[in-house]
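Listed next as structure tokens is one chain, alone, in the form predicted alone.
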């Protein structure tokens, strides 16, 4: 049967019916290739193209070539002998067979013997092959003959297991040849063998009994000799000659009696811990309320002491309930043999006594009243989170600093975020209220700095719990302060130093957030605020100078880890030292704003009398001096001036240690060196030692820079290349190259063109094969759907016939 004719598409029919002239005249079949510019005298072959015709020709060509190869892929209609050397006429048949055998063995070896280890080598054990030993050819002996192996004679073995005929027959023939006697019958031979085996068995039994008797006799003799060899000593001598235990042995035995580490409970989650804390506080609050009402509080059993996972029970904290460790002493283990039993009985008696209920004591009216007063004086154990700042103030009003810290801690535990949905927002508000409360404490007169110090740990705990909310709260405080300073600078041209509350906020910022980051959303604005205050705020009084020195100490604290250079800090310290100079005629350094070289406020640190230096003692600069400074007489002022100078020199010393690795260290601290060595060397006698240390530290740093000097050598000129002149013709073609170069360029151009054409054809072939594969899949799916439809139709017909038959039967 011939193949079915291929289906022709409508386009193929149209192209077949149309002639070439009609196609060329049809404007829809013709594509005109536009030129960028016309050249006279040049003939072009591709001015007009027929894409439809060329596409159909390419498709037909691929159907005849590529499609046939694709359909015949993995199909073979003839047998090809692929044996080695089959079509090689130069090889002999023996060589072919030998080579084929070698290749077959190599192929099998590569597949099956990959994991075999030394298969050809024979493994031995005591000179015997393991392969032979694994055949289990040894004869299993009976129980009676287990001690002596291989004692059966060859005759008995052959008679029982080898038939008995051949060996016995050979023996009978040998006896006839030797003695000429008559041959014994089979029955006689068997009886003789039985007698021999019984006799051998009796002999072996006798030998075993004799060996056993000799062994027992030898043991008895050895015991008699051993008793003679041992020298007995009296008991008193034994006690005296007993060696004493060493210190190490004593410690080992004592460790054996110590308490072992008890297994701890599993590690609890923060939510579980918070829940336990709240329940504990609620229970304590309920007990307090019962005591206030005059009710008796039933004391429960002693709570079990909780041991953490890290607790080794090494006796670091000794409670009265801890058991005493038993110390081993010399001689205590010999005489007291029942001490353990007695101690166990005593411990059982103690437990029974503890378990027995104690009689309740009735309290008198005075005791009940005293108990109620004590319960009223106690702090509540649970607190509701304040909804506003006034609620917080009312909650903390009238309490000491320790009680205020305790109230905030209990409020935090009672309103943990894991206990209720709205607690997170309440504690975030509490953080803002605490910051505002700290600012109010700083503005009071006198400022309650001890209370602020007590509240800082609770503020830190809230900051760790809600870092985002804490960041926003501190940003708002710093932003408001910076905006107010900018507005004041725009109106007046200068601003006052930050008040004490703002200084405390800056200190709290350094405690709550990291200061060593390159850029931080809170500490970076705080550092900029400090720099701006040190630059824009003029020093007009000793109180302003105190605020400026506090800002300098905060700036040093901010950059202590990152070692970031703050020029405003160094300038303020230089200006502070300049305020103590009396003679300002020839300075030798430059004074930077907000300080002035001379003027009304340029002598703030100049001492009024030299006698105040003798009575001055070094003290720390009080923070309260930034808010209110009462200096009534000159000695008090001089004392404060010396304190400011001491603080300034301490900050200079810290800056020297901080910036000693900078390449420009010597140039930065040159003004300070000039001030201390020339102007302040004789004026500040109490601070002479500190200033000399600073001058020595600055002078000891080596100068690593060298002055810039012109190079004396003549500069080497750049390497110049002689230009290559190439003649260019009109059409952009190069000329002047050799024939080989032109041929090489032509081949390169031809290679590129062919390479691009091959890529284009490969892409077209890939698209053609993809279309064919898709057509095959669609045809298979259509055929499957058709068959499924036929099957479903036949099944529906059968179902209808069965239902009609069923209805007829009814």
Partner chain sequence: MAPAKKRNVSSVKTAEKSAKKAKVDLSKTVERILESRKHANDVFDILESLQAEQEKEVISAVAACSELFCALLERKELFLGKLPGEEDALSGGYSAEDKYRIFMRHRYTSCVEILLEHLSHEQYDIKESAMCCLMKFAAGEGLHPLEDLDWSEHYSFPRELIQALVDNLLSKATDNSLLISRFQEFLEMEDVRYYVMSSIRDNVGKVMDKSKGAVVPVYQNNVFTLMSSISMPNQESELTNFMVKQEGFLNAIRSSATQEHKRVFERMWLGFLKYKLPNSMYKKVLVILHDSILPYMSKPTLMIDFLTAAYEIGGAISLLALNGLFVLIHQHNLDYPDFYKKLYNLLEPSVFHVKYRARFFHLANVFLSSSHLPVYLVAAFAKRLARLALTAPPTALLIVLPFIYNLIRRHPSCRVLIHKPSAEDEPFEDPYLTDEEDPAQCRALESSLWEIKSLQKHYHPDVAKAALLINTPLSEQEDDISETLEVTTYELMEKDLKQPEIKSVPLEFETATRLLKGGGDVLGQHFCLA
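Just so it is clear, the structure is predicted and the values come from calculations on it, not from any experiment. Residue numbers count along the first chain shown, from 1.
There is also a form predicted in complex with the partner chain; it is not shown, and the following applies to it.
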Region of this chain that lies against the partner chain in the model of the complex, out of 391 to 399, 68 to 76, 412 to 420, 469 to 477 [heavy atom, 4.5 Å]: 469 to 477
Triple contact flag 599, 602 and 694 to the partner chain in the model of the complex, non-hydrogen atom at 4.5 angstroms: no
Looking at the partner-bound form in the model of the complex, is residue 563 within 4.5 Å of the partner chain by any heavy atom? yes
Quick one: does residue 620 come within 4.5 Å of the partner chain in the model of the complex, counting heavy atoms only? yes
Would residue 709 count as a contact of the partner chain in the model of the complex, using a 4.5 angstroms cut-off between non-hydrogen atoms? yes
Is residue 650 close enough to touch the partner chain in the model of the complex, meaning at least one heavy atom pair within 4.5 Å? yes
Here the chain is shown alone; which of 195, 699, 464, 187 has a heavy atom within 4.5 Å of the partner chain in the model of the complex? 464
Can you pick the one in 284, 662, 631, 252 that has a heavy atom within 4.5 Å of the partner chain in the model of the complex? 662
Who in 495 to 510 is close to the partner chain in the model of the complex, meaning a heavy atom within 4.5 Å? 504, 507, 508, 510
